[in-house]
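Just one chain follows, in the form predicted alone, and it is written as structure tokens.
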Amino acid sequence: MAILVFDRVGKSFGQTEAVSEVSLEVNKGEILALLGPSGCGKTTSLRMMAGLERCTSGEIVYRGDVIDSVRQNKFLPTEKRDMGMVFQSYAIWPNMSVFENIAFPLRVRGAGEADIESKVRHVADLVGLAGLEQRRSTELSGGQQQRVAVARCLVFDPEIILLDEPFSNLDAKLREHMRLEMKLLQKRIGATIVMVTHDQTEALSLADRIAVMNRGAIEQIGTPQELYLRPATPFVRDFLGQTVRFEAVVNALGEDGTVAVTVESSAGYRSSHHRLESPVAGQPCAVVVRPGDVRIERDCGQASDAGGGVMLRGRIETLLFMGEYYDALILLSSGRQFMGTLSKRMPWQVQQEVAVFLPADALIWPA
């Protein structure tokens, strides 16, 4: 059930349109990630949810009531929205103890001391801060400061938690650990979370659904699996994970909707997962594959059937040992180069001949 709805919401700063007719629904109990590059409008959208910015067009509906609408001249202030927000900088007070930082939202709401004591102790234990309540925030690590910000957000039981790049100030290992903790915490308390991030790994691992934003608009909304495996646009495809592109040409059309293509001048294959509008024979196109779906083996003269896919031949030009795998620059027989991933278990060498197998269900896009 949708708890928050954006209905063709727009936001302009002077002549600059930061958000353009965004429509989305936030469902109760889910984690929704707003994902995109800097300047795409994701943080502005989050700030409009919180009431820190007013929309200049469209409407925002929260729990069935319009809370921001220029047309209806309605605006519900931030303090009345029952939402908690964790800022990128955490915004905790250095002159206060951990306890007082967490207790602050309860004090401004006029809660009694017994209630404050009980709730602060509870959320401190929930986020792993038990025993640290009397420490100054300046005595905390980055991960502990992030926990304080989350605890302060949870202590007054908000309907929605808004996270603005919550892990960007942490190092890589701590970021991974905090993502896991946040996922477990959300499932435990059943919170509704909207999270802004530019980190695709963060969005894929944490979110139940992802809204990919580009130039102020949403390009696609769906589960991480849907967006990764079935991207609706080239922007979503390229932003959400790495891709390898191979040039191709349409050589036949099937009555069942399939398209047969020739890839890099090699024998091609048929695919029903194509993205071509009104394809015609001879039309240039591209086969786009996730790196993990490209299989590279030593070329021992295998047949070119490749299980319904296609096999290309090439040669290793450069080899980089990355620990868990090799990165290799491979020169195809067509003359093009691409970066591939090789198993660390094989004795690879520069100038070694290889066979490159592409899956039959690889995505096909216009050139």
Ligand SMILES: Nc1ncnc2c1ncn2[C@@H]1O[C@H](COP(=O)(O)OP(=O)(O)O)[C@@H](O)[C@H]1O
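So that there is no doubt, residue numbering starts at 1 and follows the sequence shown. Note that the structure is a prediction, hence the values are computed from the model and not measured.
The same protein has a further form, the form predicted together with the named molecule, not shown here; the description that follows concerns it.
The named molecule in the model of the complex is approached by A18, whose closest heavy atom lies within 4.5 angstroms of it. Contact annotation for C40: at least one heavy atom lies within 4.5 Å of the named molecule in the model of the complex. In summary, the region of this chain contacting the named molecule in the model of the complex, judged by heavy atoms within 4.5 Å and restricted to 322-330, 55-63, 31-39, 308-316, corresponds to 31-39. Scanning 203-218 for heavy atoms within 4.5 Å of the named molecule in the model of the complex gives no residues at all.
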